[in-house]
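Before any questions on how it binds or moves, here is one chain, the form predicted alone, in structure tokens.
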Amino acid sequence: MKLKSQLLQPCFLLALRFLALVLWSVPGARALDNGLAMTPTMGWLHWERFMCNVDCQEEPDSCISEKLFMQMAELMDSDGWKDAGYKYLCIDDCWMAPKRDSKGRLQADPKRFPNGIQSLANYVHSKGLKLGIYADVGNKTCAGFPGSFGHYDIDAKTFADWGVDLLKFDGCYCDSVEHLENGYKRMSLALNRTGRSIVYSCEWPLYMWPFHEPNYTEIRQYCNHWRNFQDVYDSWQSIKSILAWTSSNQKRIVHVAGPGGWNDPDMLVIGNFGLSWDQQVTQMALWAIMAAPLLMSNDLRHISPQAKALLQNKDVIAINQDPLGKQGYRLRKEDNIEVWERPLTDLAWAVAMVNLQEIGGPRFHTISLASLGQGMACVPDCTITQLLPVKSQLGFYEWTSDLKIKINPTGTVLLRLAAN
């Protein structure tokens, strides 16, 4: 009887593992039906690093101009960014002329973009990349340039005619919640009517939260990804606040994410000035766990080899781009240590352990493998690989094992648990 029990236990555990796979494969809410963003969008976006610098006379190398985007396109092609998956080169606010043209169309600032957006799109496409652009659902953009209210159809057609591949649609200068919601829906439909494949990046829920909880099922039907929380800054406080908001609202947002539609915690600021090395590791690891769009905002002309290697880490990108398309979540928090996990294809799991304590040195944290992945991450055993901060093979572990990990202050250890 005892022998029979021992034989049945692995079979039972494997059956549970298979059931977990089936449950994790059940699709979430219906996605925007444009066939795009089946994995999180990857690319570069100018805002956090370059903001609204329009002074090309005083700062010709950092103003918002076609020169800046052509230089970034060249580097994305030649320095391995495109090959790593970063394919969208995105313009944010402040690219426009102060007024529309005589036919009511948006136009680029003629001094900073003398050849126009279509010419820039052609150049970007010649590098095997895609071009993103920015507009606003309201009467003006956040920086005061012409908004799309009353012009949704003509703006969508203009972007399609120019060869644009992604639209970031902001939410400033709306006079009502109804205007905001209807505007986001109308632009989504207008983009689809153009017949061009244009990823639709919304800030809809960000602007809804002050009034009422957003309807994420509806948002997913119109948008490919959506911002929930305030802009990221080049600071550890900003990264912490984004992670705290995400974990405290995960029951509302995690289940909605999946192929075609993603929660967007905003840009990667790795390679800039405000984060320590451990904090950069934390952002990269947690953005991978959260299935977040990976849109860098940095200066690719002046980036350290260490930051470049982190951003191009194939193992971490593979977690972010995992085709199962399930967003991870915070499993628990105790004594300033957070454990996050994410289900992956082939019954694998990604696990991140974050040390939020900002005083003292590295800390050890022990986790029971039986507590991970709904109890299924290491059934009946698994191989564990540490991916960050440095890659190492931790070896073979049984379901009943404990794992002890050392984590630097404000740092993260990212693991991949693979079924045997």
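Model, not experiment: these values are computed from the prediction. All residue numbers are counted from 1 along the displayed sequence.
The following text describes the form predicted together with a small molecule, which does not appear among the structures shown.
Enquirer: To verify the annotation, which of these, Cys142, Leu75, Val269, Leu347, has a non-hydrogen atom within 4.5 Å of the small molecule in the predicted complex?
Expert: The residue from Cys142, Leu75, Val269, Leu347 that makes the contact is Cys142.
Enquirer: Go through Arg227, Lys326, Lys308, Arg330 and name the one with a heavy atom inside 4.5 Å of the small molecule in the predicted complex.
Expert: Selected residue: Arg227.
Enquirer: Is Asp170 close enough to touch the small molecule in the predicted complex, meaning at least one heavy atom pair within 4.5 Å?
Expert: Although the small molecule is absent here, Asp170 would touch it in the predicted complex, with heavy atoms inside 4.5 Å.
Enquirer: Verify the contact flag for Glu218: yes if a non-hydrogen atom of it lies within 4.5 Å of a non-hydrogen atom of the small molecule in the predicted complex, no if not.
Expert: Taking the distances in the predicted complex, the answer for Glu218 is no, it never comes within 4.5 Å of the small molecule.
Enquirer: Would you classify Tyr207 as touching the small molecule in the predicted complex, given a 4.5 Å non-hydrogen atom cut-off?
Expert: Yes, Tyr207 is a contact residue.
Enquirer: Check whether Asp322 has any heavy atom within 4.5 Å of a heavy atom of the small molecule in the predicted complex, and answer yes or no.
Expert: Result no; Asp322 lies far from the small molecule in the predicted complex.
Enquirer: Given a 4.5 Å cut-off on heavy atoms, tell me which of 118-126, 86-94, 335-343, 210-218 is the interface stretch with the small molecule in the predicted complex.
Expert: Contact-bearing stretch, as computed: 86-94.
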